[in-house]
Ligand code: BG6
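Below sits a lone chain in structure tokens, taken as the form predicted alone.
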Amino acid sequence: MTTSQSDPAGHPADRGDRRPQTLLLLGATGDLAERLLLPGLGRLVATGAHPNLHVLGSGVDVWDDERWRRRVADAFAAAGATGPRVKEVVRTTCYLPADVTKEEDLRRLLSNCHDQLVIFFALPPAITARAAAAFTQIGLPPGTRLMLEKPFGTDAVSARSLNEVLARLVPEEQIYRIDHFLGKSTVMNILGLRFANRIFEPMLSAAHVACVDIVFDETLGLAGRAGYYDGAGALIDMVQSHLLQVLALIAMDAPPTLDARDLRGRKAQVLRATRVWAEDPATWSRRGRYTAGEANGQRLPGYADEPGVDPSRGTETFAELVLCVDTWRWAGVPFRLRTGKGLAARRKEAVVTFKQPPRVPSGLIGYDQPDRLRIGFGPDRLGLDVNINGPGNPLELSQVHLVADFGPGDLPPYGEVLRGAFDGDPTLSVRGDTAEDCWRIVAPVLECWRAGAVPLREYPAGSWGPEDSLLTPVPGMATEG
């Protein structure tokens, strides 16, 4: 998955590019950097693939180098990252306090960055937009690559505005709108399953498929993320970004190659054809919020009682919507997307439910479940639910579950997206027009919810969600307690 593109400085953007690089991490003292970004970076550094990397952290907190190095060392150790390169990155990393919305602070940061520069915006969307605007006033070194965390903007208008600002800084090929949900292994698992197996690909169309469910259920509650989550909610946090990207991979036609231009072009085509079912978000969406209860053995307070939550916002912790993909392949097939916190079981999978056979011979007994293809995420698994003749009465059908593990990837998701930026490979990043289309798809739902046309249902933590949920829970391989 390499590209033939070059950066403005004329350097080849491929996996053989091992020039010295600097990673400037904005928002370095935040939760995202500690929990996900730094551990992923540690695992990547431990591979030895990027031997000439310097890391510069920055945030509004007044830290010194020693405190920052302890943060980096602890995160690397927690990820099991060891070796001489890991020790060298910890020894040489530095920290500079800065307000990234101020030009003078950004100039000071850039003066401490050398070689080929990668900037990671581990910041809230509004601060990212202000920082990007400030960079336009001072410029960036040639060849700079920008990495932006989701959500990209706060709505379609802000996403378009941010795209316009970024386009004044660097070419599109140097912008990495990351979605760690689409780590390399997950993407390759889906593409390999779909396009390297003739047994499946002809069946994935409206002629054979009844519906597609994309589910990300969690037993966890807020887990201390009120500062971000209470301003976003389940629809923006998961559906607008992660689940729509999975939909695109499942529904797109085969790309000619796995080059970034071909793969991202196919995903963009699918999302341009996606909209709310019957253009009726009041009927085909649901939202909910958990109340006190017990999920997976853990007692959770009601969401409205969580520290840092403003109950008057009406933030949802559960979101469902039904979409249609108006292409020749998928017209008429409902794509049902669902995510929730504080639910009865952890379930992270895409499920393709096939239509029933035209006729089951009357002599066969017990056909009551359709065939299903399951693609699990974390752990990555492939499953098939098929009807066969079981032991005993040879005329009696029973459903069996066939499961295969894909196995873990070489790196955790954040290690994979960082590797893409360091190597100059935007294949796994989200293209600008696609980011805007994701906001367009959910905009009618957000508007409907804000108008109160869909009530905010409450559900006890540890339950399956609101009683009027659009998806009936289906037990399967990716469902865990």
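So that there is no doubt, residue numbering starts at 1 and follows the sequence shown. Remember, predicted model here, so these are calculated numbers, not experimental data.
There is also a form predicted together with the named molecule; it is not shown, and the following applies to it.
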item	value
Check all three, His50, Arg145 and Tyr176, heavy atom within 4.5 Å of the named molecule in the predicted bound form	no
Candidate from Arg71, Lys348, Arg264, Arg336 lying within 4.5 Å of the named molecule in the predicted bound form - any heavy atom	Lys348
The single option of Asp237, Glu306, Asp380, Asp371 touching the named molecule in the predicted bound form, heavy atom within 4.5 Å	Asp237
Tyr228, heavy atom within 4.5 angstroms of the named molecule in the predicted bound form	yes
4.5 angstroms heavy atom contact with the named molecule in the predicted bound form for Arg85	no
Contact of Arg286 with the named molecule in the predicted bound form (heavy atom, 4.5 Å)	no
Partner proximity in the predicted bound form: Asp385 to the named molecule, non-hydrogen atom cutoff 4.5 Å	no
Among 168-176, 186-194, 213-221, 264-272, the region lying within 4.5 Å of the named molecule in the predicted bound form by heavy atom distance	213-221
Stretch 133-167: residues contacting the named molecule in the predicted bound form, 4.5 Å heavy atom cut-off	Lys150
